[in-house]
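As a starting point, one isolated chain is supplied in structure tokens, in the form predicted alone.
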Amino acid sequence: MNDTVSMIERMRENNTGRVLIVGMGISGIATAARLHRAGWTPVIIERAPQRRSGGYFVALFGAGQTAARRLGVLDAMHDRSATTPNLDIDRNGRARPGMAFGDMPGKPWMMLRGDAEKAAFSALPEGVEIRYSTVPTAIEQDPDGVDVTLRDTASGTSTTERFNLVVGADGLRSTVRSLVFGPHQDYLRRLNYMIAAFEYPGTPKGLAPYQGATLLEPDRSMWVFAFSDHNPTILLTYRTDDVDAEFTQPPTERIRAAFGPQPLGDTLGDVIDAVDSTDEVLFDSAEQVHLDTWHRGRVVLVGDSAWCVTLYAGMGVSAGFTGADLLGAMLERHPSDIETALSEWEKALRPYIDHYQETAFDQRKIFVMDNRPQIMLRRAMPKLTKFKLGTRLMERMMRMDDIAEFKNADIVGKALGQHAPPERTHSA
């Protein structure tokens, strides 16, 4: 232990543990904070001119909660699940009891993306260097380090700097990945579904305050994710045969075409109208990233850059926290051998990520269904769960054993042979 502490101190004194973190999302910030704790000197760069504040819905399952507790950020978040019963609605104004995402097995916390980002940022020590409006344009490495050319897009100037390690945390269409691993088309797999997610100001028409709802139709759906103490967020998702065509017009036009030609009705119409007036809407295709390895030399990818599991898996934030904490732990365990640290990190994490990606195709049907029989079965679930046999049927359908093993596991603890850290009281 004393040898490890001495090595960490030497790394800081000699600046040999300088790490570039590309991307200031949840994975990037959490990784920077965790590597700083492990003795590294992080430099964070972000393409945007300032911190992002997007507020769409995310879930935090047990694996993410445990990783967040290990990172010391769980107390900076809380479960925002609403207590008002969810509704299943249609365009004609009919409503029946429905299921909220928080009713799903596994008891995930319902939160906003911004909650997790702020929590991760709270763990970042003062003095960590952050450069906005900055992107990498070239990455060259040798056995001893990585030379990265950085462009300041605000001033138009470029510099080349040397780092001991580079972490690509710059999302689905990662610049780091394209520079080091190859073009996007080699690694992206489209699911042929589109998503539009944003915060709704107030309460959508036809709903009570803090009430969530689903509108389910074959190949398209609307979700209103209600929170106990915040504006709701919206998810519109639909199937498409031509992903590229979806980006040739403004989001509202494509969404209206996808949900037409029938009249939209009060709630759906109100929600789609709100897309035009919101400043921040995530409009994108559902895609996964598949790589044979997440690291190459002294460059490693984390989060969506490495393994995007898609929104349908519900594990993006949980995997981001877990990957960050485990990476720091493995670099602590192998402080003088980056290759071994990265290999051990990937070996421990990959079985879980592979599972999230594989099951995302089935779990997509939680969000958007293929046909009316699937919808009718879904609508029957609130009644079925009133009976033991119905509850068992739902648990089989939702693969409760898999949730316990993969979504609620202490992944880092298992990898390190440690017990989960003790729970603490979390403030609302």
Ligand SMILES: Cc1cc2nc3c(=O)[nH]c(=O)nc-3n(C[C@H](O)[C@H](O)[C@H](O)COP(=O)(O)OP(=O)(O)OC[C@H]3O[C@@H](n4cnc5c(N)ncnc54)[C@H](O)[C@@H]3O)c2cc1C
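All residue numbers are counted from 1 along the displayed sequence. Values in this document were obtained by computation on a predicted structure and should not be read as measured data.
What follows is about the form predicted in complex with the named molecule, which we do not show.
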Just one stretch in 269 to 277, 78 to 86, 192 to 200, 214 to 222 has heavy atoms within 4.5 Å of the named molecule in the model of the complex, so which one is it? 192 to 200
Note: exactly one of 33, 368, 58, 68 sits with a heavy atom within 4.5 Å of the named molecule in the model of the complex, namely 58
Flag residue 303 as yes or no: does it have a non-hydrogen atom within 4.5 angstroms of any non-hydrogen atom of the named molecule in the model of the complex? yes
Residue 175, heavy atom within 4.5 angstroms of the named molecule in the model of the complex: yes
Evaluate residue 316 for contact with the named molecule in the model of the complex, applying a 4.5 angstroms cut-off between non-hydrogen atoms, and reply yes or no. yes
Look up in the model of the complex whether residue 357 has a non-hydrogen atom within 4.5 angstroms of the named molecule, and give yes or no. no
Determine the residues of 19 to 40 with a heavy atom within 4.5 Å of the named molecule in the model of the complex and present them in sequence order; the list may be empty. 22, 23, 24, 25, 26, 27, 28
